[in-house]
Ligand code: NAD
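The chain below stands alone and is given as structure tokens, in the form predicted alone.
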């Protein structure tokens, strides 16, 4: 009898045939088209570093064509009744659910992420579309305010064609997180997926059009960030850019969009702290710490990459985390037993491995982990822990974006807070304590856009998601998403014949 692992690989081979035959083409105005230059680049699987397919390498003419398509479609889509947009987005969600296993298999093969996590991510993508589908009829809603002589009515309207640039870690889910509210608000889009993981973006746009989305509303251009991405952010007809990725890239995008006064939304890097006090439920805290740094190969912006642990429990708690880390299975991402698969690409592996040497040279101790051999010979890194770390070390300050945890002990709340906030980043924070007063006071003093107390990262879709400092600008989620993709207008009606100042009478 075929094992689940072998069955997954057999199904994957069937799903990949279409990509190997035709490659990943651009999708513009409902059509699959090659780049105008006929140029392409190789997409490889991080599992064995072998070629999957060719991907279109877009240039100026391709981006211009995609933007023109989005611009032409905007006049129709922006006037679609909210209830009609709701139906289409629900249809998209249903189709995602029906193809969730296919999406998860392809995403695992394309990114190296474990199937156990990509399966959940695919379903989360459907949930994102369902949530914003239900909000679509209310996107234009504002409020009414009154004075003795005026009635003010506020409303929102879609900003126009927008550019959406998504990363290579959990690309399918993060694409839905950006695209669903853009469509719900009435915007049209040009999507540029990351060049390292372009496969599921192709599936997603086809699902959308099969579900009834008019052609031209959603366009996808593939290519390199410094080429297609730059052209998109500079284009005068793109009214806003929503970007997920590195902080340095966000800075470049802001510069590129400055001449056109482009609105930007950035979800950028993080060096997130998880603070464990001596009165915490240590078993639950250890489980949460391990989950938040080693799930998704540590390639997640909200990972708890800095462990701050009170000195009185440091030795015990670090040992608890170490024992869990060393039991994590590193292997083929399609194997149901695997938790940690290969990193996305050898280029990224080199960056992560470089921090091993940096940490050792700074005087930190590599307690466990490091590079390991995996099936296929891809860039595998075992769950890693550094101890004897001080807050000024590079491994404690810079985003590594891999399964690497650094441990920083503290004695007091004041010291812990100083370490937490001594960072250029401010995306997420995690706090473990059973002291209610401390939980309220400490969490409010942590410099981050999102804090979880006695919990790992659990998303509630109506709440705001985003960071401060170098971790981003703006918020996703709930009504905050509509604020980005829509403009606000106020109309004031005179309700009395109030006195008007007479000049020149």
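Fair warning: this is a prediction, and the values are worked out from it, not measured in the lab. Positions refer to the first chain, counted from 1.
FYI, the form predicted in complex with the named molecule isn't displayed, but the following is about it.
- In summary, among the residues 168, 77, 356, 277, the only one with a non-hydrogen atom within 4.5 Å of the named molecule in the predicted bound form is 168.
- Residue-level contacts in the predicted bound form: of 256, 433, 338, 387, one residue has a heavy atom within 4.5 Å of the named molecule, and it is 256.
- Remark: of stretches 390-398, 244-252, 110-118, 96-104, the one touching the named molecule in the predicted bound form is 244-252 (heavy atom within 4.5 Å).
- Of the heavy atoms in residue 233, some are within 4.5 Å of the named molecule in the predicted bound form.
- At a distance threshold of 4.5 angstroms between non-hydrogen atoms, residue 194 is in contact with the named molecule in the predicted bound form.
- A residue is said to contact a partner when one of its heavy atoms sits within 4.5 Å of a partner heavy atom; residue 148 fails this definition for the named molecule in the predicted bound form, lying far away.
- Proximity of residue 465 to the named molecule in the predicted bound form: non-hydrogen atoms within 4.5 Å are present.
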